[in-house]
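Take a look at this single chain, the form predicted alone, given in structure tokens.
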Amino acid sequence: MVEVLDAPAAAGSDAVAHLLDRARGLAERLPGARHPVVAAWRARGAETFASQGFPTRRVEAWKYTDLALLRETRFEEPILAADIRPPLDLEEEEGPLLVLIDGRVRRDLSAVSHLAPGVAIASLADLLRARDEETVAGLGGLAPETLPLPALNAALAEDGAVVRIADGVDGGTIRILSYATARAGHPVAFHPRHLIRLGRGARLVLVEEARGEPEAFAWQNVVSEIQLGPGARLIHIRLQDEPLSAVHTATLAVRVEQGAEYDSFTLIKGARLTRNEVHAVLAGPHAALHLNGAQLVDGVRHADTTTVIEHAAPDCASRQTVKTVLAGRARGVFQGKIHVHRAAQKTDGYQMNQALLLSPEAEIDAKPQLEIYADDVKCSHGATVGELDLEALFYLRSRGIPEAEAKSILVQAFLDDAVSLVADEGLRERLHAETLAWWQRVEHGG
């Protein structure tokens, strides 16, 4: 049984108490609740969240992002309806697909049969109920569950995706779609937990999407634990396009072993409040990491990308480019830290954050950091903030291009520098189409 402590007298204590009450109510029916390891893991998460509550802006890592919306809202447990189907063409692309509705796997909408040898895709809930020891052993091994939101996920996680690629296997492309439904007057919260494991020399392209019904007031608090064995390679594309009523907090914990490569791109273009947090460790020599992305923020939206890259082994390289475009009264945040351990000699780290402000009311906060304890390293970081180039805009207009189209060309050129870092041509074209659709919506006041 999960024992849950009383909530502290801290910021958001009412909301904290409500969530802990929910954890008590779920304690007996959460997947794997009676497994002693799972129960202890959930109890630690509840205890951590009870002691810390929601982080406030007095916490340095949350200085630029206010969680008042979460502290002031009583989120309920989703009530699933079997007839709910996302208004999306799930057959649009071939390959395995796992669909989660309000945080729980829907097998009738998923396509995970007839998998290639060495490729396994399953529901976390199913594996925990079956007491799958490999799954149990992997829970919480990578995620920073001393932090409150990952800890809350541990206490309340009901389902998620488990993907395993065996040694030397090319897993092709796997898609995970998480969809939130609308409940009139009833904000809901769900806490998916994904476990991704690639064996030695394995390959995989993983495409994750988070979407929701137009009026869905849903908070998705997702945690992904990703481990790449020696020589493995994962291309990880994440698209977050939820409605203005949504809140999305994501914590990724990535461990890259010797000679492995993690190549990711995250496109944020939705939700009222988004926090994308990545904790990555280059754990073996000659490991490589690419954390690239774009934040498209308009209206009153707030998007926060916070990353911590730890170089823990020698001869590793990391690259990070994040571009942010802001319109209306939007607010963007980029916090990026490269931590080079003493043993990580010959580290090569690069980090760049660039923001384009399309409105005088838009704001961006940028805080790149280097913390270096080795003496044979090459590390650099930079940040730029600016408006559209007026000379370039004048040049395009002088060639007969209408102002709106000229602005579109310049915005797309700014974003294409980031999107071009995606190696797969098909995925690159799709991301380009997503950025273009966002700009068209902004231009037409949508």
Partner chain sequence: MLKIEGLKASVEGKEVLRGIDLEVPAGEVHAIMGPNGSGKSTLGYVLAGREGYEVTAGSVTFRGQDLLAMEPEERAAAGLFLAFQYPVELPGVGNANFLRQALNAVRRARGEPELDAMQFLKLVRGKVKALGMTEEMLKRAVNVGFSGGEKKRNEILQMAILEPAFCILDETDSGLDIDALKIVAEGVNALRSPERGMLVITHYQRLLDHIVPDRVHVLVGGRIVQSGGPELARELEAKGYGELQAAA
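Residue numbers count along the first chain shown, from 1. Keep in mind it's a predicted model, so treat the numbers as computed, not measured.
Below, we refer to the form predicted together with its partner chain, which is not included among the displayed structures.
With the partner omitted from this view, the residue of 40, 68, 388, 401 that lies near its partner chain in the predicted complex is 401 [heavy atom within 4.5 Å]. Exactly one listed residue, out of 34, 378, 397, 57, brings a non-hydrogen atom to within 4.5 Å of its partner chain in the predicted complex: 397. In the predicted complex, no heavy atom of residue 61 sits within 4.5 Å of its partner chain.
For residue 416, a non-hydrogen atom is located within 4.5 Å of its partner chain in the predicted complex, even though that partner is not displayed. Taking non-hydrogen atoms only, residue 405 approaches its partner chain to within 4.5 angstroms in the predicted complex.
Contact with its partner chain in the predicted complex, judged as any non-hydrogen atom within 4.5 angstroms, is confined among 23-31, 407-415, 44-52, 378-386 to 407-415.
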